[in-house]
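Taking the form predicted on its own, here's one chain by itself in structure tokens.
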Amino acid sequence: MSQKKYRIIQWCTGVVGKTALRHFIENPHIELAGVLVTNPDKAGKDAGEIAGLSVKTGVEATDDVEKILALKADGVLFAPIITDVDMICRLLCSGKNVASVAGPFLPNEYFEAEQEKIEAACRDGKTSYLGCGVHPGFSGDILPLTLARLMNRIDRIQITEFIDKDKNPMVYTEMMGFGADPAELLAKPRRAPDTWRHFYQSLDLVAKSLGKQIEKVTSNFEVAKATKDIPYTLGEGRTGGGIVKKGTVGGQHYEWTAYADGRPLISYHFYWTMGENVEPKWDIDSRYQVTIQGDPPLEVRLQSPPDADGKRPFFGLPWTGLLGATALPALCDAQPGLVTHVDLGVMQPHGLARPA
């Protein structure tokens, strides 16, 4: 087995980035090269402290972008809340392969300008780029395509994300319009009707892998109302919060459906609720779920084991960081250019089977 080590930079250390950082520190096949932070209070701290570990790595976090760009490294796990294509291109041009959990997710016909810039940067730096995460990047493409090998015939694929945001507080609670007037949010959703275009790479990958061409994509949005006042926080390490008042938006369901041969082939559903006190009452058992209708039909649930109170924590954000982190060695070894899941094939993430 190869004992090659990869020098990796962690860019941003929120929930996603901190999970990846912990993996890089603990994986014997990774050498942590640097850590970029945007919070000045974290600058100068040891990476181990930021990751919540009791080890000293000797790598101090910095908020100096130029210092990170000057580092010699094989790859970067790029994990800001909002993507920055120009910064991705600077990293690629500096000779660093980039796995971005913030996107853009390419190839994608709706983001040709971004794709052209990234491809040009890959040529200049002789580097590779991968957009990856849990969705897009796993539950909506790799997982259903893997399960498709168990099918004789596929009629329709439905991928659903269920998140109980009361049990799993996130900064996105306010951003997504929970607590808003239902009529106002229905008239102006926080996710625009064309948001599915950011997921098109995954939809297209599944369709083409099945030998089909997407003809159109439809969008649907509905809300559920809170049946009581629901207090909330913004999640780990964040101050603030509020109350989703009775009668306001306590649940949201987005659906995007891709058609082929005149009928629905792939649907993405997102059910987000502020716990069980909403009407209509939707499933709040946090998970990703793939349902394939056909011969034979199947359903697979990707979720954490239940905790002490019987509810399941949602690991979508940590999974996002780990999917990017475990893809980086294969990305560093890939041919320069824009890389897809198909290009990387079945990954072999070394260093996972180790003592705790």
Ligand SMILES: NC(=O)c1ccc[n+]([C@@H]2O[C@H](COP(=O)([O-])OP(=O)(O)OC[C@H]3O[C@@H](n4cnc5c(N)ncnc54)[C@H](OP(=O)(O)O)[C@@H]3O)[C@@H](O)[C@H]2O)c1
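All figures in this text were calculated on a predicted structure; none of them were measured in a lab. Residue numbers here begin at 1 and follow the sequence given.
What comes next is about the form predicted in complex with the ligand, which does not appear here.
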Original post:
Does the ligand come within 4.5 Å of any heavy atom of V37 in the predicted bound form?
Top reply: yes
**OP:** Would you please decide whether C132 lies within 4.5 angstroms of the ligand in the predicted bound form, comparing each non-hydrogen atom pair?
**Re:** yes
Subject >> Partner contact for V101 in the predicted bound form: the ligand, 4.5 angstroms, heavy atom >> reply: yes
Original post:
According to a 4.5 angstroms non-hydrogen atom cut-off, is Y110 in contact with the ligand in the predicted bound form?
Top reply: no
Subject >> Candidate stretches 38-46, 326-334, 297-305, 22-30 - the one whose heavy atoms come within 4.5 Å of the ligand in the predicted bound form >> reply: 38-46
Original post:
in the predicted bound form, which of the listed residues (A79, V244, L92, A258) lies with a heavy atom within 4.5 Å of the ligand?
Top reply: A79
Subject >> Contacts with the ligand in the predicted bound form - residues in 12-44 whose heavy atoms fall within 4.5 Å >> reply: C12, T13, G14, V15, V16, G17, L36, V37, T38, N39, K42
